[in-house]
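Starting off, we have a lone chain in the form predicted alone, written out as structure tokens.
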Amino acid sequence: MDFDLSEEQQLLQETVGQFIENECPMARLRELFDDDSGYDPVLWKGLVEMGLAGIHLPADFGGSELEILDLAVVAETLGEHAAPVPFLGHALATESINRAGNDEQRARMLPSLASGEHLASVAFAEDGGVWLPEQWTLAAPSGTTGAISGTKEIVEFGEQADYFVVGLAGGRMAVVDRNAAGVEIQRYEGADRTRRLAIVTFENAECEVLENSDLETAGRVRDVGLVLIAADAFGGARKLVDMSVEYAKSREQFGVTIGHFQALKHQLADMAIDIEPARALYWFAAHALDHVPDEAVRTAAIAKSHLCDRYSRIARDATEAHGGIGYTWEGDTQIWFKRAMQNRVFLGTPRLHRDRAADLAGW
């Protein structure tokens, strides 16, 4: 692996970033932040037309056959712009079906998801902060079809998704249509209003079990998710550093810009040093998922735990750097602060994955 992005990956990142900047500037983001849905279907449609809904899927199903690192650099850009789109849940759902579905299931389900005709999300979390496939409790039907009962929490864009990939006991995964009898979707008021959440309850709801799903494939989906969240965290933290520097160059006190004050200079320098060297963590973890399988599980856990911790710390420092306005609803830093909070929890806390990384290393 070259420790830099290829020209194609840089172009992908620039193209996605420029599109979001044009279609969802701060004024539009604030509008969506205050909106009930927190979702921009026009922005998502534009990203779908760029191929992002199936970027990692096989060409036979309408995808672009790119790697997890390509998915991750897109996630970094979405995190930088706090983009209110259902990229994470859709990417994990399609990865689940592609890895765990049999040939017929993949051929039937993936084309409409790759084209953006349908939207999918994942329903993995259970009560008590349960995220890991080894801990899922919903009983799976004995065959590939049947019914499930139980509740899943923290489902991103659950109100908008057409299908849910649901985590079941033993690492099995099943697809449920949102319109199936026995499916109840309830909005959950999380902190991050750029990625709205739902609680989804299944009461004897018809499902289709992905035939090849097991703990190994569910673990692979979890690890892809950890890397995408790490990438989102890196992009968001970088954005907060840039915002803080710009504010320090424009805000005046005592006749000079506040960037003249030594204490703030040190704080801004510490924030930049804190995040910039961590970029390689998510790059390598993404690369490992496709090319270094022996290191993939542990590096994904390290990337998620480390970058989410740093994002949280930089979010706090950026809020302080903005002074009183940093704590207010009218201030923009709170948007990224709340995204950092959601990244920290989604798919498990930094402490959970730091403990897993230590166990995997035999410590």
Partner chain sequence: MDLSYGEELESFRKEVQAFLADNWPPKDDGNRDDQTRAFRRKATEAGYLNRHIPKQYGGAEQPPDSMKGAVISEEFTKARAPMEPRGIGTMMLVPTLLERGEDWMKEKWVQATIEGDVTWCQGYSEPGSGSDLASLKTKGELVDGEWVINGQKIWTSSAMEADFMFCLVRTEPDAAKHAGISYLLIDMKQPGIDVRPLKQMTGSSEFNEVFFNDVKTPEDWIVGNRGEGWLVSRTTLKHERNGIGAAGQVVNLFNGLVKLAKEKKIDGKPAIEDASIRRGLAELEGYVKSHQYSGFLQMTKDLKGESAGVIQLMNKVNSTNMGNMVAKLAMEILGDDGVAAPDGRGIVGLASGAGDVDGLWTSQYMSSLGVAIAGGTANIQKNVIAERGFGLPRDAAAQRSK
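Numbering follows the first chain given and starts at 1. It should be emphasised that the depicted structure is a prediction, and the values quoted were computed from it without experimental measurement.
Below, we refer to the form predicted together with the partner chain, which is not included among the displayed structures.
Chemist: May I ask you to choose, among D177, E159, E126, D274, the residue with a heavy atom within 4.5 Å of the partner chain in the predicted complex?
Modeler: It is D274 that has a heavy atom within 4.5 Å of the partner.
Chemist: Can you pick out, from L132, A147, A278, I185, the residue that has a heavy atom within 4.5 Å of the partner chain in the predicted complex?
Modeler: So the residue touching the partner chain in the predicted complex, by this definition, is A278.
Chemist: Taking the partner as it appears in the predicted complex, which of 213-221, 78-86, 113-121, 287-295 has residues with heavy atoms within 4.5 Å of the partner chain?
Modeler: Single hit among the candidates: 287-295.
Chemist: Is H306 part of the interface with the partner chain in the predicted complex - any heavy atom within 4.5 Å?
Modeler: Yes.
Chemist: Please check if D4 has a heavy atom lying within 4.5 Å of any heavy atom of the partner chain in the predicted complex.
Modeler: Result yes; D4 sits at the interface with the partner chain in the predicted complex.
Chemist: Would you classify R354 as touching the partner chain in the predicted complex, given a 4.5 Å non-hydrogen atom cut-off?
Modeler: Flag for R354 set to yes.
Chemist: Wondering, does Y163 line up within 4.5 Å of the partner chain in the predicted complex on heavy atoms?
Modeler: Output for Y163 is no: heavy atoms all beyond 4.5 Å of the partner chain.
Chemist: At 4.5 angstroms, heavy atoms only, are L69, A248 and R310 all close to the partner chain in the predicted complex?
Modeler: Each of the three qualifies.
Chemist: Which residues in 205-231 have a heavy atom within 4.5 Å of the partner chain in the predicted complex?
Modeler: Read in sequence order, no residue approaches the partner chain (within 4.5 Å, in the predicted complex).
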